[in-house]
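Let us start with two forms of the same protein chain, each given on its own as structure tokens and named structure 1 and structure 2.
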Structure 1
Amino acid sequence: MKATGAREIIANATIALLLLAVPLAASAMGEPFYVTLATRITILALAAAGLNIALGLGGLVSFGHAAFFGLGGYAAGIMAAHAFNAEPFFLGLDSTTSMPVIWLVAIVTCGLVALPIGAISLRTSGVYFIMITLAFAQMIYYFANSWPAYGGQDGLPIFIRNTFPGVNTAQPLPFFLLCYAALLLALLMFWSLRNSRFGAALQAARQNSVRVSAVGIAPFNVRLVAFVISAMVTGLAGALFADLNRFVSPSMLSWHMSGELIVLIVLGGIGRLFGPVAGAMLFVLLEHFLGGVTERWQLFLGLILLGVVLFARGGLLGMIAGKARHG
């Protein structure tokens, strides 16, 4: 048991260092694209790390986290568009291109939206929970598709990447470092949540909600808080993703996106600290390199994913580090 724990720590450290070292090296060698690719991995990992709080710790399989990913993206896109056109944004307030403010708006918006969605969805469980979260995401998806003000299906371009005080975000490397810092913070939060009393209650509620109720903790409240925090982290990732692509569109809200976030977690290893990071690395690299090799890349991507789920139980990290400690 101890040995597998140590192996997981080594694997985590390797992944964290690799994700930092590759873009630094690529930047030094004048290959900015690999910095961009690493940024994409980092942001998707952040989104999945958010989902991992609900899914990995709480056992809440949300098939609608694309809703929060997209909402975060739209927060960034809409504020940037208002700032670009020098229009007031909300209640006559001036808009801004400052990332910290945009992130705050994205996080708060996602929290506010996740609260009612979670409150209704958590009345259900199992497959019903999977599908009701999907239903809410689909509502927002169709709304964004057909609401003309912010581009509808065409989406919304961000003409100049938003700014962060003291950081030149237009350059790939500084922007990557910002995203990387956000990812580390989210992982730190995941880790401390898992080891906190709250995390213990959440995991206990997953395994035996009756017993948790018996000791005076309402599983519903614990789960709702976890769901909301989870949505907020994914929303932050959405805001960063919009700035990475300089573009936001309803496809960030589609059920494919929700599915992909789940895929990242399962690929990496459910409930593990670095599971989302390992999963995002594998997925994005497969997508990138297979796409360069053959136009049938989706077929091979499917076969590889199938192989992982059938023969590498516990995902990539499960394969490297052995069985998870429970939770």
Structure 2
Amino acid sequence: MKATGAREIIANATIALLLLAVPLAASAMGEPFYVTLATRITILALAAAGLNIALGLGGLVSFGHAAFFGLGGYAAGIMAAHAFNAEPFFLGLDSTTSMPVIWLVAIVTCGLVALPIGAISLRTSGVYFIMITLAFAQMIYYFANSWPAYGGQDGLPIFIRNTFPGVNTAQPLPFFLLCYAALLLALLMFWSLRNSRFGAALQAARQNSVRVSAVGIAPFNVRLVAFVISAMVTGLAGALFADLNRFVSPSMLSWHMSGELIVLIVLGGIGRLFGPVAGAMLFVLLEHFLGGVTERWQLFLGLILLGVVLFARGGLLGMIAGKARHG
């Protein structure tokens, strides 16, 4: 095993154990705030891990993934609101507060929305792809803003956190463990895709789509599948984020959120397995500790991001492990 690969495996394991150990210790010491902070890191890392499938493997710089993050959140919020008011959800179907059902609805909804968006957007490339994904996200954002049935620009509260069989989701630690398990499953899926024939075709299409077409593989189809899978994972993160805050609003759909997800990946390392996790940890910790000192904490984030782009193209994990992306 190459030294770079070994260093990245060690770094990945350290990040995974640290993210698990801190909330366990905080819960044992009666500090639920830090458990919630770790949960926020985990959910943002999950959302960025979804985008990393499209961006890191496929080279698709989507500036509209907030649309799927927000749609997942609204799926959780709307179903919770209907269940709270004892109203049918859709076509007379009963609503529910069961997280597995809500997650399924969020994932399927995001997949169905991502399919036409991807089919149209992937007919472009470069800056045009960036702008058209942004345009679709802004359309959904303004629709949610002007949808009075579900709060409009004021958002939609979730009065009681949704439930999971056998788990007390009202308690911070059990809810964190659910989110942590979802993150590990998403990372496992990313690793499997990256090391599969599909992943090889996706990465080849990123490098030279003409040569991929020459060997009988349709780059458009491969990219579309990756885009849809990416959206579905990000939608699951949105549903969890809504439950964490017990609130969903159009801000989850804004272009700022799309930018944050890209920043997380760039900070941690584009295409790296634990890149989104490392980026989310740095982002949330900067937001928490520097945000308590100054309202302009984003200035320091910007300086760090500038340093990464100029001097550490592989992100934080690239600084540790070198150029290899395996681990």
Partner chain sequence: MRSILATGLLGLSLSVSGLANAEPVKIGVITTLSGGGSGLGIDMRDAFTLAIDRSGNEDVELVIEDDAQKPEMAVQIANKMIQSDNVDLMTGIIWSNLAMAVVPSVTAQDVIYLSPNAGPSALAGERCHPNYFNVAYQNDNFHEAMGQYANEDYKNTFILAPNYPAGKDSLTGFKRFYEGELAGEIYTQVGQTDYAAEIAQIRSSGADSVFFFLPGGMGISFMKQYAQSGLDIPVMGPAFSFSQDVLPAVGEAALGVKNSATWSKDLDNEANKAFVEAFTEEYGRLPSVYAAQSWDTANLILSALEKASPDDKEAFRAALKEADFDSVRGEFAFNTNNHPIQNVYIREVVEEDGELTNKVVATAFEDHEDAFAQDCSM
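The structure presented is a predicted model; accordingly, all values stated were derived computationally and were not measured. Rigid core: the largest C-alpha set superposing within 1.5 Å between the two forms. When a residue number appears, read it as a position in the sequence of structure 1, where counting begins at 1.
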*Please match the form predicted in complex with the partner chain to structure 1 or structure 2.*
1
*If we fit on the core, is the Cα of residue 297 displaced 2 Å or more between structures 1 and 2?*
yes
